[in-house]
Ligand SMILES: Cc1ncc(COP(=O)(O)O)c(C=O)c1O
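Okay, here we've got a single chain as structure tokens, the form predicted on its own, with questions on binding and movement later.
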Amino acid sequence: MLQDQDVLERRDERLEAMNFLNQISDDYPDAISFASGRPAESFFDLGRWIERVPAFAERHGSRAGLSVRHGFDSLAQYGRTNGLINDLISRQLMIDEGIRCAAEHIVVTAGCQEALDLLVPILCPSAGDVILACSPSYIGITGVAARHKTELLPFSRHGGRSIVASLTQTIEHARTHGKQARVLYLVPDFDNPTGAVLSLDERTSIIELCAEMGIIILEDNPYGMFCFEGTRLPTMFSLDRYGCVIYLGTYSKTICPALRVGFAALPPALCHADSNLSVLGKLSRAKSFVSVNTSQLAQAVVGALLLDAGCSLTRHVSPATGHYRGNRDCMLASLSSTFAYCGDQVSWNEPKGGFFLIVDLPFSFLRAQAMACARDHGVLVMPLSFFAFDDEHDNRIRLAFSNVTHDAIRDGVARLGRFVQTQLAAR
């Protein structure tokens, strides 16, 4: 069998990860948290964004032949299932991401999570269909797969193996057990939880492999605009010559999470003229049954900001990017000074962007260790086992540096250091 008891138990642990995070946060409210990858609240300016909504309402009304008043009234009504601001999203994708996607090939969703939830049963309609995901992987895809009773097969990029070789082996393994890989879920840029980036060669090779195998890639990109150094790589959607990549975007990180505005951008190959047969048509129909339409008021806030910014969020996110880079640098410096005595027993990666980094420890760090770290030392961290499908990552933890001050980073890493000292002494 592809799923043995250990794999099922690991899946159940991953599904409880968010509940565990909420529980431990409630139990130790004074603890410094590196557990939650939230955007920094200091860059929220909801009042100013709302002040720009009338300009959007005027544009919306004039395009429909309505007065400003009736434009506002229209925003308060039910809206189009596929979205209200698709043309603005299309322009922003072209300017900021180099993505050419027609507005009519975009479906606006209630965050990226809804897009995942709607697409999985469409792309994996049969009992033998499976999803491929890297181990460790964002727990959102784990929850969606479990909810729709769709099997999720992990592949590893840990230990120096080629990601394409690992993917190929997993696909063949599925076939030998009568399964068909239909979907590959990836976060190519500053991955959650690892902060890793797929190279250009990896992106093109994966696209070639999936096009050959008839697999749809779900490219999730919440962190791509938060690049600290170097040149941003092209998205997989923009590299795709075959029509096998669906791009999933969200404004939760670039603007704010409360708006719950995300989207799926589909290639023309998945948007046939007969909409009832296309992935686009099925996605629109599923959306109409699940949530009717994404909040038009929330879309209006996003639309107003996009209009005000010339449909580019580059300048908007620049201050936040500088903040996150400073936080990363502070955390790296704190790790270096705190664990200098450990030699190579404790190590970490240096992400080039995003919200997270990974620390490797010389002992297992699971649920019990996370509880002890919070209880005895006042710092919250996430075991990487919560994101993994096997025990390869049991000695690794994820630290989120996005929504903490420099003082809290230094203090929190010092507290983590004291926990590590106690564990090493006990050994």
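Predicted, not measured: the structure shown is a model, and the values here were computed from it. Heads up: residue numbers just count along the shown sequence, starting at 1.
If you look for the form predicted together with the named molecule, you will not find it shown, but the lines that follow are about it.
Of the heavy atoms in residue 111, some are within 4.5 Å of the named molecule in the predicted bound form. The named molecule in the predicted bound form comes within 4.5 Å of no heavy atom belonging to residue 72. A residue is said to contact a partner when one of its heavy atoms sits within 4.5 Å of a partner heavy atom; residue 187 meets this definition for the named molecule in the predicted bound form.
Taking the partner from the other structure, the named molecule in the predicted bound form has no heavy atom within 4.5 Å of any heavy atom of residue 282. Residues 199, 203 and 240 are none of them found to lie within 4.5 Å of the named molecule in the predicted bound form, as judged by heavy atom distances. Shown without its partner, this chain lists 83, 303, 222, 195 as candidates; in the predicted bound form, only 222 has a non-hydrogen atom within 4.5 angstroms of the named molecule. Listed residues 252, 293, 321, 235 were compared with the named molecule in the predicted bound form; 252 is the one with a heavy atom within 4.5 Å. Across the options 330-338, 244-252, 303-311, 118-126, residues that bring heavy atoms within 4.5 Å of the named molecule in the predicted bound form belong to 244-252. Along 137-157, a non-hydrogen atom within 4.5 Å of the named molecule in the predicted bound form is carried only by 138.
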